[in-house]
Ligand SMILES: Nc1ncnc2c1ncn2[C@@H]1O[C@H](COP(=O)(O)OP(=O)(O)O)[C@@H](O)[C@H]1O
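The form predicted on its own is given below as one chain in structure tokens.
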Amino acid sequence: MIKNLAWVTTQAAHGRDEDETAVVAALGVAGCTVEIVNWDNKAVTWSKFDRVVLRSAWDYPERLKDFLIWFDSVSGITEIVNSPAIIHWNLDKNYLNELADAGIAITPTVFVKPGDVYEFPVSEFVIKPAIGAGSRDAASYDSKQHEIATRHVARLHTSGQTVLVQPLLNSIARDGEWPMVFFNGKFSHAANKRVTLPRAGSVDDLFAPETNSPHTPTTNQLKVAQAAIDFVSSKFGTTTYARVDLVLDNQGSDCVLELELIEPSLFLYYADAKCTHSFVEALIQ
């Protein structure tokens, strides 16, 4: 059993992780000592921890070079979860292509690399970076805003980013998204999340404002989400924690919007207490 654990955050996220208080307390009850530490704190001796758990390091996309230097260094001296292979794979949303190739339904997506020729959809659409979190650098546009959207793409390309162009699905405003949470590869609980992307604007905080609530998943939602988790497990081994964000496409079918394996919120605040205990077991076993 893990006895000494680092719960990794960043300074700007302090007090903003709804999962943190209950899980840290439950870890203590289970006999595990926990330190809440910023990933960029150079005074931390990472080797003293039995396991390092990425939880709310929500500024990593903007500081990616420094974050990866830290991550690779720490993973060389102690165990980090999720595993380095999983984290590196999940950093770039090009993983969606692999899910699609495996027959797992994804949100219709066009990947636009720097230098690519592209066209925007005729209806409303979304632009987001391939490496990003919290809806930062993501925005929605309509058919009259192509000029502004083009500048958005150019800005992301200038920073070396691949850009995702996706239709703004009809279901998003009506139904929101459904985060499906897994511990050790097994389904734990689900939630409903509603996020309104800025129209031709930007998210200046660590994450876009959300309205969340509990959700009981349908049989098909469980099937699609489990297929995504099983794909990752077959490729890298079991994830300690994972979140599959589902939406309905414009034909009314469940599909994967994103696969969150790095530092996802786990919506434990909206779940039964037994889900917190399941997470604790996954962290210390």
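If you're wondering where the values come from, they're calculated on a predicted model, not measured in any experiment. Heads up: residue numbers just count along the shown sequence, starting at 1.
As for the form predicted together with the ligand, it is not shown, yet the points below apply to it.
By the criterion of a heavy atom within 4.5 Å, residue 260 is counted among the residues contacting the ligand in the model of the complex.
Proximity of residue 161 to the ligand in the model of the complex falls outside the 4.5 Å heavy atom cutoff. The ligand in the model of the complex comes within 4.5 Å of a heavy atom belonging to residue 167.
Although the partner is absent here, residue 215 lies well away from the ligand in the model of the complex, with no heavy atom inside 4.5 Å.
Each of 128, 172 and 195 is positioned with at least one heavy atom within 4.5 Å of the ligand in the model of the complex.
Contact annotation: of the candidates 133, 112, 74, 181, the single residue with a non-hydrogen atom within 4.5 angstroms of the ligand in the model of the complex is 133. This chain is displayed without the ligand, yet in the model of the complex the stretch 120-128 from 78-86, 153-161, 120-128, 184-192 comes within 4.5 Å of it by heavy atoms.
Along 264-279, not one residue places a heavy atom within 4.5 Å of the ligand in the model of the complex.
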